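Here we start with a single chain on its own, the form predicted on its own, put down as structure tokens.
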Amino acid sequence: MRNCLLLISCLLTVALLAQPPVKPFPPLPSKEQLQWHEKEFYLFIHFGPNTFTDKEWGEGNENPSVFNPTALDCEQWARIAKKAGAKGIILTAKHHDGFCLWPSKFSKHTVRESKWQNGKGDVVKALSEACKKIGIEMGIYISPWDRNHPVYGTPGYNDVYLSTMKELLTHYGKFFELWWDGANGEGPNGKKQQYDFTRFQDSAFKWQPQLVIFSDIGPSIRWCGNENGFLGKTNWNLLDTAGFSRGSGAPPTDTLNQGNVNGRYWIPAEADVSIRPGWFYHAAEDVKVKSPKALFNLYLQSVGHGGNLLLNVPPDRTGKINATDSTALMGFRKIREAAFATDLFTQAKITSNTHQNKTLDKLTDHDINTFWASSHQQNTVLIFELSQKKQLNSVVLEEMIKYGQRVQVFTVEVFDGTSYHTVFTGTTIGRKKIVVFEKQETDKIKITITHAKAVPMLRGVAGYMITTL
């Protein structure tokens, strides 16, 4: 009996030693950042006096009475967002014109001074309640620049901004993201403001510790360096921020787009872009709304490059999302669902040149909590053998970023009956890399991770035939 127990103990020890080593490779994402990564896609809502004046940047001297949506329906926004597959909505509660979409006690340029609902309305409250009812999350944009407030450009404005931020972060429930624009222009007195971002940041996290905060340099998420909705084909979730600041002092746009290969902090990229040429609604742009196919291409270049997509969909003067925009969003979802409906690798036979063969099935289980780790750092080879030849033009790879971002160079090859030939060479993978190449017919696909900063750890590999490209 004693010998039997000893044998069982030895076998268990060998089994444990055979499991992939779980060794984090810093810097690592926080719990909140990991949750943010899984959102992938959510909506931006630009709404305010500019909607009614046909401007993009208001000057702060607008008569508040111009803001008067005739049929505001925040539940419609939330319903459309959810049906489009968006995980949340970020609202421009205050843009550069200083107009507050809630009745702030610290401004005289708010919905309270407007004709809408006789000054009794509150867009932030309406959207907060709508998101809770429909079942999606909400984020908030609060421009530090204020072209209306009389104390902007003086030390006292930092107190004002902090007070308005406190109103939003303590009266409307939890937000998933706080969005800081880098714009810093002149106020009504002709002066610019020296923002106390350290104080703003500390206070925001004190009021809502679960927040992720966006800006040029984070601290949680970085701007992608453009407003066209694409991230670099190389995209590290890492960034060095020493010596940089928000706005004019931000890192170069190519650095923001690609990150730093050995960056000190985990600050992933968010790609912001509008469904229309402008950020606010303009009737003349109804015929210029991006098509579902164009939106899908943006998805491939943002989410497909390891970041998140923040798509602006501005309500019209009635206070509703225009039917043209809604139709485009529904078409976008239809394309996404069709593109990734059938994973050709699900039943594939998987082999590897590493010693970690027992857990290879974790690569195709579509479980974000499981992973496979290589036994060595460089030249890891994975071969996916199908039961018969199939047509495909896309491979999706995902790293287990909970333990850090590792992959530096990889290739995808297909077998033509005689030999393998390369159809794609890439750099980073990160949370998700959607590889697209010319249509191939094959029964064997080889993925080689030629270079990595540490042993590769993948949570998923899938193959698809995408008909809409």
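Remember, predicted model here, so these are calculated numbers, not experimental data. Note that residue numbering follows the sequence shown and begins at 1.
Another form, the form predicted together with ligand FUL, is not on view; read the next lines as being about it.
Student: Give a yes/no on whether residue 99 approaches ligand FUL to within 4.5 Å in the model of the complex, heavy atoms considered.
Tutor: Contact check for residue 99: no, nothing within 4.5 Å of ligand FUL in the model of the complex.
Student: Answer yes if any heavy atom of residue 398 is within 4.5 Å of a heavy atom of ligand FUL in the model of the complex; otherwise answer no.
Tutor: Answer no; every heavy atom of residue 398 is more than 4.5 Å from ligand FUL in the model of the complex.
Student: Can you tell me if residue 46 lies within 4.5 angstroms of ligand FUL in the model of the complex, counting non-hydrogen atoms only?
Tutor: The answer is yes: residue 46 has a heavy atom within 4.5 Å of ligand FUL.
Student: At the 4.5 Å heavy atom threshold, is residue 437 in contact with ligand FUL in the model of the complex?
Tutor: Contact check for residue 437: no, nothing within 4.5 Å of ligand FUL in the model of the complex.
Student: Which residue, 222, 276, 95, 149, is the contact with ligand FUL in the model of the complex, using a 4.5 Å heavy atom cutoff?
Tutor: Going through each option in turn, the one that passes is 95.
Student: Select from the listed residues 162, 338, 183, 381 the one whose heavy atoms reach within 4.5 Å of ligand FUL in the model of the complex.
Tutor: When ligand FUL is considered in the model of the complex, the option within 4.5 Å is 183.
Student: Which among 102-110, 252-260, 174-182, 232-240 is in contact with ligand FUL in the model of the complex, heavy atoms within 4.5 angstroms?
Tutor: Looking at the other structure, the answer is 174-182.
Student: Would you give me the residues of 297-331 that have any heavy atom within 4.5 Å of ligand FUL in the model of the complex, in order from first to last?
Tutor: The stretch does not touch the partner at all.
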